[in-house]
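First, one chain by itself in structure tokens, the form predicted alone.
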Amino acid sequence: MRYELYYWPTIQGRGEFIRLALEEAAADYIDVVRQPESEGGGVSAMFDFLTGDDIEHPPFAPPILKAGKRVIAQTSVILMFLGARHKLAPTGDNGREWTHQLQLTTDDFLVEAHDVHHPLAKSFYYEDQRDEALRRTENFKSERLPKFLGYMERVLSQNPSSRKHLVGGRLTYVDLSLFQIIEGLRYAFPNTMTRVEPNYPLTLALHARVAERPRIRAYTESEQRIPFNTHGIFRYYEELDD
């Protein structure tokens, strides 16, 4: 089966969590919106898909994964689906639920990382909410970032199977998601991360192991990986980083 992924073509965003899982699984997929319009791609293809009246369960927003006749939206739900199909999640109910729970926590972390630069509204420019962003960022760096990273460190340290993974003794999709979170934080807050990373050795060791996985490394070093930029979820503004 060839999967069809629908997401914005110029940012990593939430779509990158799906791409990492697909790449690690060596799955056959097409990034539809990044294809030429002449080949059925482009942003218009995504909007046509979103607004079409022939989908039984219409999605609210991208990322969207089409798997045969199935249409699945929401990052955590897509990853749960791919995890079961491509051995990126435990097979037992308890393990699957625990992995999903951790992914939802990662989703919460992602929202907070975004809201440092858009604390009032996504539709306002950053320049229209700079003062509020500065205040929100100080809270994020002093309280929220340590809270989330500290929790992931605790989960790793208490994993009875292996301190090398968040769940069980082998890689799951939530390991890939934590890798992406660290990547984004390093882009958005390079000075802050340099200072705090020594506090989370297990988390950073996990990030390093994921980075060296052959398929992940090949993907992140390829042109297929969209660079971080100031249009995505993780954005670098010098005044927000120490």
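Computed from a predicted model, the values in this text were never measured in an experiment. The numbering used is simple: start at 1 and walk along the sequence shown.
Omitted here: the form predicted together with another copy of the chain. The next part is about that form.
- Within 4.5 Å of some heavy atom of another copy of the chain in the predicted complex lies at least one heavy atom of residue 155.
- Proximity of residue 27 to another copy of the chain in the predicted complex falls outside the 4.5 Å heavy atom cutoff.
- A residue is said to contact a partner when one of its heavy atoms sits within 4.5 Å of a partner heavy atom; residue 50 meets this definition for another copy of the chain in the predicted complex.
- Taking the partner from elsewhere, residue 59 is found to have a heavy atom lying within 4.5 Å of another copy of the chain in the predicted complex.
- Note on the interface: of 181 to 189, 31 to 39, 65 to 73, 211 to 219, the segment with non-hydrogen atoms within 4.5 angstroms of another copy of the chain in the predicted complex is 65 to 73.
- Shown here without another copy of the chain, the chain has 139, 143, 144, 147, 148, 151, 154, 155 in 137 to 157 lying with a heavy atom within 4.5 Å of that partner in the predicted complex.
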